[in-house]
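What follows is one chain in structure tokens, specifically the form predicted on its own.
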């Protein structure tokens, strides 16, 4: 996870925000929504953490990439790996891999789900431990675990899954940024992807998951999300409250935006996207205490939080109509 926001909130009238304006939506008969398996998501999260810090240019990073590719191949119809060389703010060259799995790749109506899979190369908070690589159980691995479990749930659904095609994108080098520096020093993988799209796809909208596994996590409506994609905020928070997860998803808006992968997907790729992220303006730092410290480990993870986020996203996906197009295989 990158930089913080203003640390303030205001009430937002999500129910009054405009709905999507696509013409002639085709509403299909509703399908039962699969149950999100939090235990399976925890297994995926633990598998990532067992590699150690997933810092670009390390053996742990390389091994975890191969694991993620193998898992996506199990549960999606096609996997695209985008290898690239980027330069960090330190001047160091980084070999990065953006990993993308597609569900129903032939469908032109698509939704993008994304997270970052790398972990921070050095803790800039906490003592002792400052300067050491961050394990990133929450900040990185949690979002990836939820997305892979969503892919698994859809693949195992005999009904064929949601109406739109789904693109699951795991971005690299999100957290190799300058603490307190320019926002562009973060999110190197998503910036590269947005400028060098591996496929000419145009997603209806995108949802970013970042730091979605901690105990007592809370998700306020992030400022850039409300600015760029208020209709998506409405969908997600409404679904969460319908499912009984209002204790996680707060109906209040952060006045300040958070620099994260969704910002560059909005501004560079022009895909209206939101960020579901654990940020509470009543905390001293906004982010949880383990953020950017060596304590970002499995002790902070709660399967109930993974369940709340994963089940909410599945609900949103399965409620989507086909927008003015025939349903392709």
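Residue numbers count along the first chain shown, from 1. This structure is a prediction, so every number in the text was calculated from the model and none was measured.
There is another form of this protein, the form predicted together with a small molecule, and it is not shown here; the text below is about that form.
Judged against the small molecule in the predicted bound form with a 4.5 angstroms heavy atom cut-off, the residues 222, 237 and 249 are out of contact without exception. Looking at residue 193, you'd find every heavy atom of it more than 4.5 angstroms from the small molecule in the predicted bound form.
For the chain shown alone, residue 291 is a contact residue for the small molecule in the predicted bound form, at least one non-hydrogen atom being within 4.5 angstroms. Of the heavy atoms in residue 210, some are within 4.5 Å of the small molecule in the predicted bound form. Proximity of residue 175 to the small molecule in the predicted bound form falls within the 4.5 Å heavy atom cutoff. The partner is not drawn, yet in the predicted bound form one stretch among 283-291, 40-48, 297-305, 53-61 has residues with heavy atoms inside 4.5 Å of the small molecule: 283-291. Scanning 115, 111, 258, 163 against the small molecule in the predicted bound form with a 4.5 Å heavy atom cut-off leaves one residue, 258.
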